[in-house]
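Just one chain follows, in the form predicted alone, and it is written as structure tokens.
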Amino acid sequence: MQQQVASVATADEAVAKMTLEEEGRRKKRLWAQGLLGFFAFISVGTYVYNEYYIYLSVYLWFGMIYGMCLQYGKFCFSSAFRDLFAIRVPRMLVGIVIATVLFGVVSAPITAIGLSTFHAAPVSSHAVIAGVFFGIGMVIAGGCASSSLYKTGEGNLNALIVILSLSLTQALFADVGGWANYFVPEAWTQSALEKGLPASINVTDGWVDQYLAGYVWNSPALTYAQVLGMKTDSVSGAFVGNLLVGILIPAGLLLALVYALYWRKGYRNKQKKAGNVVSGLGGELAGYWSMIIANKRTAIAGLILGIACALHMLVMQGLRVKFGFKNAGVLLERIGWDYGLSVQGTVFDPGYWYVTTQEAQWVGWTLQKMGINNMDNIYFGFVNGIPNPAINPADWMSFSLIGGAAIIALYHDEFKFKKPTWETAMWSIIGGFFMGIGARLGLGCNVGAFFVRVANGDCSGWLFGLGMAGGAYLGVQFFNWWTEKKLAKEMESCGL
């Protein structure tokens, strides 16, 4: 009798627990629907107020798509390289390469008809060096720039610390001068002065200003199409130069290398255990394909992400033609928000997916409001401006990216506040610091300096990626050393 009572009580407890869990999931889905409704209200309400706000809303909705894809596919460049170098698992890296290729395939026709908003970056060794800094930082931080945004949407407060550290570092580094000027080559200073920048830009007082105007800007901004003597916005340039030579061939070689070094041995061992060994080219192709489809969730997210990135460029260019401007600075002036425009009347308005610059603008705007001049440097004062975050186009994209990730996380019951420890907070700050420096040196992060550039045939994209891989390898080696040292210290304290 007692056993029966206990059994009934246990069953009741199980039912009550399931009911609570279901109620919790229901509440999370309501929150997700509320977030979606909030963004819809912002989009519709601002459009009713002024039709120009549709330009910002396009950033908002594509940002939401990016956030959903990143969270669903768990896209993280840091995880990709860490898994590859630390535990020899290439799934995430393969997913990222596939997404890059798909982005390139969809963007090629847009480029060919001259409707792409993409612009190539200067090509030189600075991209590799910047990638090293960024790669070290993202491994130390435990997340890259884009994954830190989507993880913030999951409730990960460590990721939020990474974003804050990265943003603060960028803003301060862009205006660094004084002692740093002792490390500026004279050739940089003279070349920067020859550019004839406006008097409001105190180019000789900033290390980064002289680095940009005196060194980086002197390097050619090239696509693979241009290197091969083709026009970028032509069928041959877009499909042969950029897509085939700049994306498909190097991506195929990279995946083949990853297969040979990190996937083939495990795959062949599984075949042997199953007694199903297929030799020759057919067997290798089967193994290669098994690597490609190993993570279906990441592959699906990569497909949607690649298509969305290309369509984003097409829609933005269409709106620019419709409203008759090339930069959203004109739009902000028209609606009466001219505070924080650059000396050229521009704001950061890439026209495609980008991360880090808009976050740095949050800090720059705040510091400016606190009385610290941030408009006398090239980064803010000459190029990107520091508009109010509430009407900054790219800011709408970052905020909605976090929101999109939160919506998917809530629906899949993956949202949970994760409080940082002192140790994880320290690594987040240090990692964000290195990423901030790398992003400014490379004029972008894992998204803007690698993903978008590679997918659009920019010669500097693979260079940044090479440096990022090298930096990630160094970061993994550092953590292996740190972990072993910490473990040895703990064992010593236990008398082992």
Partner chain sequence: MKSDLWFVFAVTAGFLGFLMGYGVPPMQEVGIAAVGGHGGAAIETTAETDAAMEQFRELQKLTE
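Positions refer to the first chain, counted from 1. All values reported here derive from a predicted model rather than from experimental measurement.
Omitted from view is the form predicted together with its partner chain, to which the following refers.
Shown alone here, Ile113 lies within 4.5 Å of its partner chain in the predicted bound form, counting heavy atoms only.
Among residues of the shown chain, Phe415 is not one whose heavy atoms approach its partner chain to within 4.5 Å in the predicted bound form. Contact check for Ser43: a non-hydrogen atom falls within 4.5 Å of its partner chain in the predicted bound form. Proximity of Phe62 to its partner chain in the predicted bound form falls within the 4.5 Å heavy atom cutoff. For the candidate spot formed by Ile54, Val58 and Ile407, every residue has a non-hydrogen atom within 4.5 angstroms of its partner chain in the predicted bound form. Only one of the listed residues (Leu228, Ile300, Val321, Ala390) places a non-hydrogen atom within 4.5 angstroms of its partner chain in the predicted bound form, and that residue is Val321.
Exactly one listed residue, out of Asp233, Asp83, Asp205, Glu284, brings a non-hydrogen atom to within 4.5 Å of its partner chain in the predicted bound form: Asp233. Considering its partner chain in the predicted bound form, the lone stretch of 445-453, 45-53, 466-474, 429-437 in range is 45-53 [heavy atom distance within 4.5 Å]. For the stretch 294-314, the set of residues having any non-hydrogen atom within 4.5 angstroms of its partner chain in the predicted bound form comprises Leu311, Leu314, in sequence order.
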